[in-house]
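In the structure tokens that follow, the same protein chain appears in two forms, which are kept apart as structure 1 and structure 2.
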Structure 1
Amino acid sequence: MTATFDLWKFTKSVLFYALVVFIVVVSVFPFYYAILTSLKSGTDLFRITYWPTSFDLGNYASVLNQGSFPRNLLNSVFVSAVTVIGALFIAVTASFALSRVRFRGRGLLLMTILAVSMFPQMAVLAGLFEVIRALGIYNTPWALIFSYTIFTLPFTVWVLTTFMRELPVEIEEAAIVDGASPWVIITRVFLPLMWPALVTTGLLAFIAAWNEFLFALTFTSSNDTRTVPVAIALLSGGSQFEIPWGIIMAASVIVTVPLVVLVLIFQRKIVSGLTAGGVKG
């Protein structure tokens, strides 16, 4: 009986690790193959290989020497960073009101905020385009910041509200007794405790803004204001043999590396933020 139990336990462990390896390979392989392709040139681009056969950085030099791509990269950094800052500022204050201030219709308001995220981008594209034109911010980074913030807020507000509800009310009561205002409570008491949730929501909002394509294509019309997803899409030529696959893959690697680095740096806080509030002790 003991031998049978040990065999079954060993089999489960093997199956579990085999599944983990399979998931990792499926997740990492596209990025790995993009790196391989970015290091190829000429006819090597059309040869299927799974191990490095050349080490040519010419595609990266071509991308970075193109007139608009470095500017597009800076546009993406600016738009994504400002979107995260604005969304977190609004979400923190809104989550404080939704989690700590009692008023009629609080639950309905929270559900309404969450319902906004259920609308697909295509459904609101025309209306949002008219709003952006009316505001006079078409073909500027502020058009993207405005639209990205709208679609980022529901998630950030929901996560931060759930996290803030789990914070002990005694901390807030002690701050009120000491004469702290709501703004002081938010900035001096709650913010230091909310770093895991802030990092999680901020990073996910950054990734969403960094990778967004539809709004960036619609609300910008010049190379000076476009972000990198649109810039990469416009690198394509005519037929499949004219498309600069090596340059496109090099640009994709350049765009993906910052996200990978950010996730690796903040991975512990991301896990803490996603699991916060999941278990009540």
Structure 2
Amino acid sequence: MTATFDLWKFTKSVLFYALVVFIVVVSVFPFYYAILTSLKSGTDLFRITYWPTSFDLGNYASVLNQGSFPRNLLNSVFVSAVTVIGALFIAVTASFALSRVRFRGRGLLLMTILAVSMFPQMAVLAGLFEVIRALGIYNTPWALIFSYTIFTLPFTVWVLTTFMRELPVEIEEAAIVDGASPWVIITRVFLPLMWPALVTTGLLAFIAAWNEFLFALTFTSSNDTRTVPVAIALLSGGSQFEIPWGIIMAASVIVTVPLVVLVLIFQRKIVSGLTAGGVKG
């Protein structure tokens, strides 16, 4: 009797760990395989292997030495960084108002902000194109910085509002009694307390901007102004056999590794940032 019970328990934990292993393998394998491919060259590429067989950095060399890929990387860094800084700057004061001051229409405004962050970017593409042409920033990084605000700003406002709401009311009241104006409260009391939240939010917005494709594809038109997602998407030859898979995988790995490292370092913060605002219903 006891023996069968233990057997059942054993089977259960074996099945559980099998599931765990399955989840991990499925999650990681494509990335692993991309690395593996990027280290192959020539005809090796077309020999399917499950384990690393060669270590050839030739693909990385060609990605970084020819064409505009290094330039695209710089563009991506610049666009994402400026977008995030701009969004955070605007979002901090706005989220103070949204989380700390009660005024008529606040609930509606919050819903609108959420709606903007969720609505299809396709719906504004034509109008944005016109605005960007009118501003004369078509085919420059500023076109992307400008257009990315549509998703980074609502997102940062939403998350920072959630974070700021959690700050104790009494600290703010103590500051009010001390004679602090709202601006002083934000800059000298709240901001120092919000660094973790700002880092998390900024990081998430950075990743979103870094990965953006539709606007980048539409509002840039030359190799030198593109960001990496577009550059990778357009790295192709004429027919299927000419697709430079090795180089594409090398570029993919270069683009992804910094993100993966960041995500693993800030794991906990990212999880809390992703779920903030979402699950408090």
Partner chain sequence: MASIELRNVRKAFGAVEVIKGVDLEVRKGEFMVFVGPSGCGKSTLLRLISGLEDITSGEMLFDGKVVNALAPSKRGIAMVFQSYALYPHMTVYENMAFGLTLEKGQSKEEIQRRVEKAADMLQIRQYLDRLPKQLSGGQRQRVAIGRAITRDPKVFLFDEPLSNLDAALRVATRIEIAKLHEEMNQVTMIYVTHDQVEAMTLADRICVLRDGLVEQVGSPMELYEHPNSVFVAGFIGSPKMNFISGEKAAAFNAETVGIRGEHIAIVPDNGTWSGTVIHTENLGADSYVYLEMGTEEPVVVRLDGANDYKSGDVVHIAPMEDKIHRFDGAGKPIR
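What you are looking at is a predicted structure, and each value in this text was computed from that prediction instead of being measured. The term rigid core refers to the most C-alpha atoms you can superpose between the two forms while keeping them within 1.5 Å. For residue numbers, the reference is structure 1: its sequence is counted from 1.
**Request:** Only one of the two shown forms is the form predicted together with the partner chain, so please name it by number.
**Result:** Pick structure 2; the other is not the form predicted together with the partner chain.
**Asked** Rigid core fitted, is the C-alpha displacement of V257 between structures 1 and 2 2 Å or more?
**Response** No: V257 shifts by under 2 Å between structures 1 and 2.
**Asked** Hey, core superposed, how many Å does L19 shift at the CA between structures 1 and 2?
**Response** Residue shift at the C-alpha: 3.1 Å.
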